[in-house]
Ligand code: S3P
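One chain comes next, on its own, written out as structure tokens in the form predicted alone.
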Amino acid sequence: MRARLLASGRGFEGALAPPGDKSISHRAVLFALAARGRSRIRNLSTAEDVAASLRFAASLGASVELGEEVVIDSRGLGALAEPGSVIDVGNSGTLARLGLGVATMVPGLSIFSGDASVSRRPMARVIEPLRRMGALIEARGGVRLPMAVRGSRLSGQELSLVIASAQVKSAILLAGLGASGETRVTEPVLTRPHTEEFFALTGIEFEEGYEGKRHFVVLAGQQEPNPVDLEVPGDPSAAAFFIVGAACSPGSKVAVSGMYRGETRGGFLAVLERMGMSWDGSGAGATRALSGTDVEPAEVPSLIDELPALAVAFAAAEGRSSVSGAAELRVKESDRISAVVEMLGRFGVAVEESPDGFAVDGGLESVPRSRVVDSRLDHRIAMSGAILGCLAGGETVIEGVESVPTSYPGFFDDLARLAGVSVELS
């Protein structure tokens, strides 16, 4: 599927209420599944990835009622049912990893499969610590989907993560809920603390803190969360595309409401502000052209998902920008370093690829008036290419936009409204 965009040249203007945060929505569904009783979730993401989590919950015996308020009735951790068929995670690496942690507590056999993209993503970082806890897991080639896990008795362990990953941390902590003894996870830096936030929300007893720069979470096993009652905040990773668009267009202003503002999700805002974006806490704008900047390795965990969007800002900025310490991008829905480099090249932008990042010489002066971008079926590359197309002017064709609804079903509607762009899907 492709999108043909004709830019209006007007910039970005209007109000944006970003869709429910995808990371939080996944966890809301999984904690509702683990709880005994009725959970109520409002503003749940309508992304296809989250729909896969809802199907996962239903396959383990929960009752799921969809509507403006999603209602999930579950019998709790101690009564989860063996799924009657293969669990299809679609394109969701989050569900593949976090769902694996939950499935360690399910009697019988749970088999996970997914689309071609997620089946290429390595799972060793989550499989190995779960096996140390006693999980019985098999995977294709030892590290990829499809995966099979047989429910078994787990014992809490002390596990130290070498690479910061909120998904790996969360999978271990979810498995730790049903384990005997204490589970302790340390990570190089604080990653998204959404699982810890749900512990606090649902009455789970835990401890967290720092040992030097390393963050740790300690959890006593054999705990069951209380039901979830939550309004999911807006997704900063979705809002980032339009914030970047406004920041790159002098005279633009996009007002953003209801967006999650936790400390681990605002790294991209800090980068844009030092480049020259005007941000008043409720909206983004631009009074001048952005200046190039360098994203250092220590910043990467707080903006890993927003780097494709930031690459658009680098392309539009004056001067040179660079990213380093982002090798994790190589194993996302696509090799996002390679995909970003290729995308920027389609717009005539000078860009250099490195093993763990890229460097961009900003400037859109010699942009081809018509260009075709291969998104590699990666939703973030597709949306970044669309924003860059609006900034560059002329016609842009984005191939592989069927991936966009995995995270942001309303993206092209919001693009047409906020940028005045003509969008033709075919």
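These numbers come from a predicted model, not from an experiment. Residue indices: 1-based, along the sequence shown.
Beyond the structure shown, there is the form predicted together with shikimate-3-phosphate, which is absent from this document and is the topic of what follows.
- Heavy atoms within 4.5 Å of shikimate-3-phosphate in the model of the complex are found in exactly one of 343 to 351, 303 to 311, 176 to 184, 228 to 236, that being 303 to 311.
- shikimate-3-phosphate in the model of the complex is not approached by Ala148, whose heavy atoms all lie more than 4.5 angstroms from it.
- Interface membership of Lys332, defined by any non-hydrogen atom within 4.5 Å of shikimate-3-phosphate in the model of the complex, is confirmed.
- Contact annotation: Ala164 falls within 4.5 Å of shikimate-3-phosphate in the model of the complex, judged by heavy atom distances.
- The closest non-hydrogen atom of Ser74 lies beyond 4.5 Å of shikimate-3-phosphate in the model of the complex.
- Residue in contact with shikimate-3-phosphate in the model of the complex (any heavy atom within 4.5 Å), chosen from Thr94, Ser321, Ser252, Ser110: Thr94.
- No residues of 391 to 425 lie near shikimate-3-phosphate in the model of the complex, the criterion being any heavy atom within 4.5 Å.
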